[in-house]
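To begin, one chain is listed below as structure tokens, in the form predicted alone.
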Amino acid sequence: MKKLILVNLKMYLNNKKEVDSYIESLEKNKKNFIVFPPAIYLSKFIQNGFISGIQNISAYINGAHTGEISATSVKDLGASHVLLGHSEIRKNINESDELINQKIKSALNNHLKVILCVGEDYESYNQNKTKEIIKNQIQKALKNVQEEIIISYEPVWAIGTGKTPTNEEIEDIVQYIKNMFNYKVKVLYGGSVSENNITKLNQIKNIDGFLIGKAGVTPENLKKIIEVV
């Protein structure tokens, strides 16, 4: 099975020159990964043939919701995927699992493929509560959801820190998540994935791919990751 490579560009590319350079550098690799650019540049990636998704959506389809982006608009633009439940959004806007549940339903109703991000903070990790946290996040976010989605396990303490759990810990959590579903759910790992540790992480037997952050912003580093995976 071909593993998935997802690249969350967050807000790292913030001008047209940087975006054009990025697109040009990865022209030959554009079918090898799914890119989640800043929303303002999403159409540019789609027009250049990249498999593209959005970093977040509104729980609402239309109406008086200033600054929000609806799943309908995203699908109409030509995007195919959406990231939901990312720890930065959970923290920055105090996003609840119940709100994430609404967003997931909106995305699925508009035929977007959902990647649900779950993960524990460092305190919970040290207290061996990782599985408890993840189970709670998944059950609440997927309440009354029947359609298949993708899960990305992202320990909050590993994002952008250069630290990662051991391969054995990741494999255990991935299997725990898979056992929660009655279909062959795809489970990715994210959290300080880089060109330096991808060879080691790629040895995890039950992983279905990776969600990459800052390492994916540099085209040469991303190419190295693609080559390994």
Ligand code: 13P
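Fair warning: this is a prediction, and the values are worked out from it, not measured in the lab. Heads up: residue numbers just count along the shown sequence, starting at 1.
Note that the form predicted together with the named molecule isn't included here; everything after this is about it.
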>> in the predicted complex, does residue 120 come within 4.5 Å of the named molecule, counting heavy atoms only?
In response: no
> Is residue 209 close enough to touch the named molecule in the predicted complex, meaning at least one heavy atom pair within 4.5 Å?
Replying inline: no
> Is there a heavy atom of residue 86 no more than 4.5 Å from a heavy atom of the named molecule in the predicted complex?
Replying inline: yes
> Does the named molecule come within 4.5 Å of any heavy atom of residue 100 in the predicted complex?
Replying inline: no
> Which one, 142, 134, 112, 159, lies within 4.5 Å of the named molecule in the predicted complex by heavy atoms?
Replying inline: 159
>> Using a 4.5 Å heavy atom cut-off, which residue among 193, 188, 35, 57 comes into contact with the named molecule in the predicted complex?
In response: 193
>> For a quick check, can you give me the residues of 112-138 that have a heavy atom within 4.5 Å of the named molecule in the predicted complex?
In response: none
